[in-house]
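Encoded as structure tokens, the following chain is the form predicted alone, with no partner shown.
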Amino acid sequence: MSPSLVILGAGYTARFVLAHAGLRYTHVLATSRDPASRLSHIPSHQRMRFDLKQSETWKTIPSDADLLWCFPATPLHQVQQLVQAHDLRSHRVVILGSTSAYMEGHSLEYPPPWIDETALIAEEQARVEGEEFLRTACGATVLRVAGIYGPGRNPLDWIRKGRVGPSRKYVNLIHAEDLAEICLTALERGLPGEVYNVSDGTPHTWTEICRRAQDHWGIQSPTRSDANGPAGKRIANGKLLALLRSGHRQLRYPDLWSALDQLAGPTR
């Protein structure tokens, strides 16, 4: 394991990774296109400027560092140039992708069939194209991440504000604390060139979540119920759980309802 970790594109997830990475790395750096303003919550010695579209910033990446790539790997030609210029093949690379990479199935089944890492992906998507290049050319480990929630990203707020409403659509989620641990485990134990689905393994429909929000906290979405919309996806996480077990780890928030209880705080 490298003594250094560089988080390329330090956004929401990076805050949780930074809180735990110090136990495994001597040096942890977080990057942004504008670190002074966007990373003001991070000590200045841990901030670094990096912009994929400005090649002069690429040289700031330490040659011996592990890399956690947190932003869409686009455009492809600049991803390719970075790989050639900085020899990313010599780094341990984990990239955060999205479960949106999986193509919508044409099955009429409901609930929809489970999707594992062997399912077809939408290779025409720009970010998927970049991820696949990094996976095949550099041996990057790809984490296809479901919807991220946690402190400051509370599904109950999404419902309250009408961003989502009751529907039959299945949603797959992962708590930010769990995602941070998964990122570090993938850097330590993930197989090069492999893909791992990242979710808590228990999809829920938005109708289920909205009903829970109303029954427990009196939160009701202003969005009209949709009984005939898309079915969504059900993401299988068995491969991920095996990876965590190999490092004697497990999900801290496998149950959405318990996690929402914590995020909501005491009921009045």
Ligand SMILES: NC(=O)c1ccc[n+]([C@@H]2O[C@H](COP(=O)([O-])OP(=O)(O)OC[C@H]3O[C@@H](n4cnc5c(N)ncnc54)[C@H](OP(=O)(O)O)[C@@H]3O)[C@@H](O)[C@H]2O)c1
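The structure presented is a predicted model; accordingly, all values stated were derived computationally and were not measured. The first residue of the shown sequence is 1; numbering continues from there.
The protein also exists as the form predicted in complex with this ligand; that form is not presented, and the subsequent description refers to it.
You can rule out all but one of 144-152, 84-92, 107-115, 189-197: in the predicted bound form, only 144-152 has residues with a heavy atom within 4.5 Å of this ligand.
The contact with this ligand in the predicted bound form, taken as any heavy atom within 4.5 Å, belongs to L52 out of A231, A236, L52, A213. Put simply, L96 is close to this ligand in the predicted bound form: some heavy atom of it is within 4.5 Å. This ligand is not shown here, and in the predicted bound form it never comes within 4.5 Å of any heavy atom of G139.
This ligand is not drawn, but in the predicted bound form it has a heavy atom within 4.5 Å of C70. None of the heavy atoms of H41 is located within 4.5 Å of this ligand in the predicted bound form.
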